[in-house]
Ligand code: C2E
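Okay, so here's just one chain, in structure tokens, the form predicted alone.
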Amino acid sequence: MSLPFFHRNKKNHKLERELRNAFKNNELQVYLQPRVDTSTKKLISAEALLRWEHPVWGFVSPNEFIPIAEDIGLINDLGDWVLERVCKYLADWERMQLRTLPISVNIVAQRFLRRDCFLTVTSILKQYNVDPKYIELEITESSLINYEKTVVNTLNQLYELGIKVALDDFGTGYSSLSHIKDFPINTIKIDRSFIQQINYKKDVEVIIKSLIFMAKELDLNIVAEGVETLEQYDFLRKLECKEIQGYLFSKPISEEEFQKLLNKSKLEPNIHFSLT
């Protein structure tokens, strides 16, 4: 049962106040979720995900605090902070002689509307001496459609610098592969809502097959999000989907836990999770 309007607004107001404090009090963390090569099971990338651990409430769902951060104008600062943390991780791994791999960071459309976007990104990279090839920026399909001109201008600058660009949640909006091929996109990520229908809806399976085939023809990398079962993994592996991301191989984990995976030759599926 959903909360009544009054109580929902009261809760949001409290979350807003606590979120501002969280940013100041170092309650925010950047977790990493591995992206795995489907054929070799090798860890080849990861997505950075913002987490909030409240001292009283525990972990607060991103579904609750991200919309609030957008409403109160804090989302851009949070995005810049996540990028800064990721660059620090990469610099630390290199210093510790651990394997370094690309990390993707989510960027909201609002960030591209600010003139300092390109300068901020390049400044953070320079601060930590990070090679741009290790950064991938994820934007949503709706961002590309609704703010096409502004977004693409900035993306072109970042792309020329060597930063990779991924289109997140592909299939949930109105664009098509034939449309996005004109933009500086390296990777498309198939939305988890499609992956969850594997072995249940044949028409969705046909869509997934078509997306993978067309991505290959357009020389785009493709990542399947939300892979949770061995059946989903086998389906995608047979179609030669390049990368998968999901709880079958790993939930989002802390940077300390992620370090332990960096020098592993491959990751094994979590069979117990796939059976639950």
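One-based numbering along the sequence shown. Please read these numbers as outputs of a predicted model, since none were measured by experiment.
Although not depicted, the form predicted together with the ligand is the subject of the following passage.
Enquirer: Exactly one residue in L239, L49, I207, L28 has a non-hydrogen atom within 4.5 Å of the ligand in the predicted complex; which is it?
Expert: By the 4.5 Å criterion, the partner-contacting residue is L49.
Enquirer: Answer yes or no: in the predicted complex, does the ligand come within 4.5 Å of a heavy atom in every one of P62, I75 and Y247?
Expert: Yes: P62, I75 and Y247 each sit within 4.5 Å of the ligand in the predicted complex.
Enquirer: Determine whether any heavy atom of V108 comes within 4.5 Å of a heavy atom of the ligand in the predicted complex, and answer yes or no.
Expert: Yes, V108 sits close enough to the ligand in the predicted complex that at least one of its heavy atoms falls within 4.5 Å.
Enquirer: Any of the heavy atoms of I222 lying within 4.5 Å of the ligand in the predicted complex?
Expert: Heavy-atom contact with the ligand at 4.5 Å: absent for I222.
Enquirer: Please run the contact check for D169 against the ligand in the predicted complex: heavy atoms, 4.5 angstroms, yes or no?
Expert: Contact with the ligand, yes.
Enquirer: In the predicted complex, does V82 have a heavy atom within 4.5 Å of the ligand?
Expert: Yes - in the predicted complex, heavy atoms of V82 and the ligand come within 4.5 Å of each other.
Enquirer: Heavy atoms within 4.5 Å of the ligand in the predicted complex: which of the stretches 161-169, 126-134, 93-101, 198-206 has them?
Expert: After filtering at 4.5 Å, what remains is 161-169.
Enquirer: Taking only heavy atoms into account, state which residues of 199-232 are within 4.5 Å of the ligand in the predicted complex, ordered by sequence.
Expert: Contacting residues: E225, G226, V227, E228.
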